[in-house]
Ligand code: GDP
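The chain below stands alone, shown as structure tokens; this is the form predicted on its own.
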């Protein structure tokens, strides 16, 4: 979507408090990805119908004894480069500090939309003190209290005016969009090249809506789709590239604009924490997923190695275990066509629509045979009928008399039955229970 909001400022001005408040505006997707100097936070928020991603940066510091100082400043610059809108937070109780002035100089050269936010304005006495920050030369000062939420609604009202609604790349929405995501050096670029092949006259490059993705239209062997290539990110002037930071940012952006994601992992290292983070984002964004285990030719194999390996992956991904897993050697072109076939199968699974009559004909007898546990001694849960919602991903409503009493384990039972009866392999499913 391209709606990225970075929160920057010196340490201890309340950036993380505001981040937590913004991402609580709906069920937040918050990834804490270690390994990028200090734990980074990424989260989703929604305001007035606009979805946007929030980046919580480290505190901008100069001249401290912190050995991470230079890396923190570098990350702040990276976040600024990757964002569309910047919230520059200051502390009303400290007034304008030399460090605030340093940050303001850096922000003025960014050519990004800047909102100057005076935080910790917890009572009327601090409002007049916020006026001191006009001296920074960044225009309007927005007074808020990130702790109690005062002023944050008014701030978001003006912030979201800078965002754009999601724009598709073509008028043909029927063409599926697939993307390859994963950690650095797992073979994403090699898989993209293998999928596209060498016959370049059958593909056409289409500029993407996001700054760091290129969409390539593919049409052969009976397959037609747009492949999201996130391998080639432009270099940032005067910025030392942090590979892990960019990897996470690319993955978020690519996932948002995809129908099905190909999550590549390295067979030699297995499913690691960052792979799980990316899978979590795919699942919460309700995108289809295929796991491709690359460099399988480098693994010593026994009789059931691939079965044991797949089982180990599914133990980590539980409770979402209905995911296709393909073992490949991209350099040796092993199972590339199988990968193509599986991606399309998952796309078909994700886009299938099931009639209400068919849902009820199949599921209601199953529910009658295995009804939900009693809510209490005299209260029985009765599911009356089921229907599929008109969303871009599979979601179903179960109408019943006591929707709040349906437990998670029974919801998983119903999801498993849906998967078994209608084949939703590779696709997250959402179930809702409502009173009728």
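Numbering follows the first chain given and starts at 1. Nothing here was measured: the structure is a model prediction, and the numbers come from that model. Under this definition, the rigid core comprises the largest set of C-alpha atoms superposing within 1.5 Å between the forms.
Keep in mind that the form predicted in complex with this ligand is not shown, yet the notes after this line are about it.
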Exercise for the section: Have a look at 146, 103, 278, 346 for me and say which one sits with a heavy atom within 4.5 Å of this ligand in the model of the complex. Expected result: 146
Exercise for the section: Check each of 94, 81, 283, 122 and return the one that places a heavy atom within 4.5 angstroms of this ligand in the model of the complex. Expected result: 122
Exercise for the section: Just one of 306-314, 95-103, 290-298, 350-358 has residues with a heavy atom within 4.5 Å of this ligand in the model of the complex, so point it out. Expected result: 290-298
Practice task
With heavy atoms only and a cut-off of 4.5 Å, decide whether residue 423 touches this ligand in the model of the complex.
Solution key: no
Handout entry: 4.5 angstroms heavy atom contact with this ligand in the model of the complex for residue 187
Key = yes
Practice task
Find out whether any non-hydrogen atom of residue 428 is located within 4.5 angstroms of this ligand in the model of the complex, and reply yes or no.
Solution key: no
Exercise for the section: Evaluate residue 22 for contact with this ligand in the model of the complex, applying a 4.5 angstroms cut-off between non-hydrogen atoms, and reply yes or no. Expected result: no
Handout entry: 10, 16 and 330 each touching this ligand in the model of the complex (heavy atom, 4.5 Å)
Key = yes
Handout entry: Core-superposed comparison between this form and the one not shown, residue 118 Cα displacement 2 Å or beyond
Key = yes
Problem - Rigid core fit then residue 180 CA moved by 2 Å or more between this form and the one not shown - result: no
Exercise for the section: Verify the C-alpha shift of residue 342 between this form and the one not shown: is it 2 Å or more after superposing the core? Expected result: no
